[in-house]
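For this one, two forms of the same chain are given in structure tokens, first as structure 1 and then as structure 2.
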Structure 1
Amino acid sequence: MVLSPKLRYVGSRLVTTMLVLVSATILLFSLTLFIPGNPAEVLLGPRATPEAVQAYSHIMGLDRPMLERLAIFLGNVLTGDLGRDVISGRPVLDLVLEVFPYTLTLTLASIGLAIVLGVPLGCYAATHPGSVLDQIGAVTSVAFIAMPNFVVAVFLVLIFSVWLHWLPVLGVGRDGGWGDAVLRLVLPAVSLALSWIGYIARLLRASLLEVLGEAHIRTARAYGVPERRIVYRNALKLAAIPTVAILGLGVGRLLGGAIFAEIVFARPGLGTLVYDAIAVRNYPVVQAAVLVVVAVFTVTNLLTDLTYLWLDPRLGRRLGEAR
């Protein structure tokens, strides 16, 4: 059976994704070995006897050789067993799945806001180069990119909550219904999205200007095709490819930035879960949470690569020629 170039490309990307996940899992396990402090001593407290520390280390498997611990860890991950919380004894996967929807919601809201605002700004700047609004957009985009997320979060709290009293800050609004939950999502999402609005606007502007100068666009104009149709139906699809690539990488950065947002705005999520687990050397929780983030980031980049096949038909032809 002869596979098409596109199917071979998809298959190779799937294999690469699996190798990345396995490598990340091994690296994650190795990094936890270098965290200072004995988890058993931290959990049992300073008054614990050496015998109690040794017994608890045996229960946690800390006295086993490193390669044996790694083999056990990889085997458990393949079966979906990410270990148990050393504090409560609950399965770690249950703890992660309880808070992951909050982090995912915050990340998707930030990406959605960045796309909704960044794409129109980039399109307008590309179709009106050198205009006053284009220059203002350039300055504000650079300013948004330069500001750290946690600094933006603090200023948003001071302005819209402390001074103006427009928006609530803490928590996710579990008891206030959907309306209250959306209001409490606004400030964290904006604090994460501002820099990405600038990224998307400037990158899309540069890509769109390049595409609008290509030969097939000039040909379409010569045949009298309306400019609006040229920009939004022909050029934008090709110009969006670099932006899609940046968004694929942005998911990982937004998941990391969500840690600061969850701490500043006292939201439950993977960030606060990892932060609390590190404080008590709760290795299984840290490993599981970070592994979930790595999996989401890797799968997102896989979907990004596959999106190229839809956005750029030329890629499929190049794959066929490479064969």
Structure 2
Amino acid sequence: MVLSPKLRYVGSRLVTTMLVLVSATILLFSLTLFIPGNPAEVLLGPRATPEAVQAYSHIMGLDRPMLERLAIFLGNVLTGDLGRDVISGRPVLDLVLEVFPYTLTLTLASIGLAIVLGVPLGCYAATHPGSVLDQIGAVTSVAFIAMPNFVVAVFLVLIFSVWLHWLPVLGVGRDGGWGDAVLRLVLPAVSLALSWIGYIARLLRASLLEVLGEAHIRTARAYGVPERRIVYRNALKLAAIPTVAILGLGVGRLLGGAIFAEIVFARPGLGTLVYDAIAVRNYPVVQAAVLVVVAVFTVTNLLTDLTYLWLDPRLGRRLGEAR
């Protein structure tokens, strides 16, 4: 059977994604085997009787052969059963789904902020290469990219809360209504978005400059198409492709980075959930939250690659040539 290169590519990406998810699940499972001591003992604490430990080991299935446990774990994960919270006894998936919207809101707000600020900066820099603003932009972009987001978060708290007393900083503002919630979203979102503003601006500048030098743009100029129209209609569409690809990766990376913003700004979310669970060694919660983050990360990576293929017809042709 002969498949088109595009279909082959999609197929191999799907297979890799499945492999990642399965190996992540197996990894998370096998890590529990290396926990120092019996997990049941660890969970029940030092005052647990041997009987209680044994009973709990049985409930957790610790007395069964390892491969059987792995099979059960994989089966449970497939059916959406990620285990139970050791402390409250609630299904872990419920806990994760409860806080996930907070993390997602923060992530999307940061990506949105990065686009709104990064795209105009990149466009300006590409249309005025070498200008003073372009050079300032180049230096600040590197600085933004280089700064760790948790340092930015801590400095934002220091500046806006401790020195200036401007914005309400900590928490999500559950009772304060929408306005309060949005205000409290500003600083965490800025702390996460900063490096992505730099990325987007730099990437867009580079690809826009490249596209503006291509032959079809020269043709458009020769036909007397207005420069504004050339930049924003013809060139930007092509130049945006690598940026879109990076944005997909960004969603995944930001989900991971959100843990810092959540902890620094005391917001509920996946990050805080994992952080608190680590402190009390609540393993099922750690496992489930990590699995969800890895799943979202890999699936967004897959979607990004597919979008890339769909946006850039040239890539499909290149895949064909590569064979």
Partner chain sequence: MRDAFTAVWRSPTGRIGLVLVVLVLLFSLAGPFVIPYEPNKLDVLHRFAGPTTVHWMGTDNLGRDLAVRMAIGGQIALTVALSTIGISLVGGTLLGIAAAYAPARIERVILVLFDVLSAFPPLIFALAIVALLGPGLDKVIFILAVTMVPHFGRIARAQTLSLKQAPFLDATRVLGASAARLVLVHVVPNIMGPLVVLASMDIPVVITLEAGLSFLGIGVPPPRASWGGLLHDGYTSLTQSPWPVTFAGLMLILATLGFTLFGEALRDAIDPKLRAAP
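Rigid core: the largest C-alpha set superposing within 1.5 Å between the two forms. Residue positions are counted from 1 along structure 1's sequence. Worth saying up front: this structure is predicted, and the values here are computed from it rather than measured.
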Revision key, fill the gap. Same chain, two copies; the copy that is the form predicted together with its partner chain is structure 2
Review point. Would you say residue 26 moves between structure 1 and structure 2, meaning its CA shifts by 2 Å or more once the core is fitted?
Key: yes
Practice item. Give the C-alpha shift of residue 17 between structure 1 and structure 2, in Å, after superposing the two forms on their rigid core. Key: 3.5
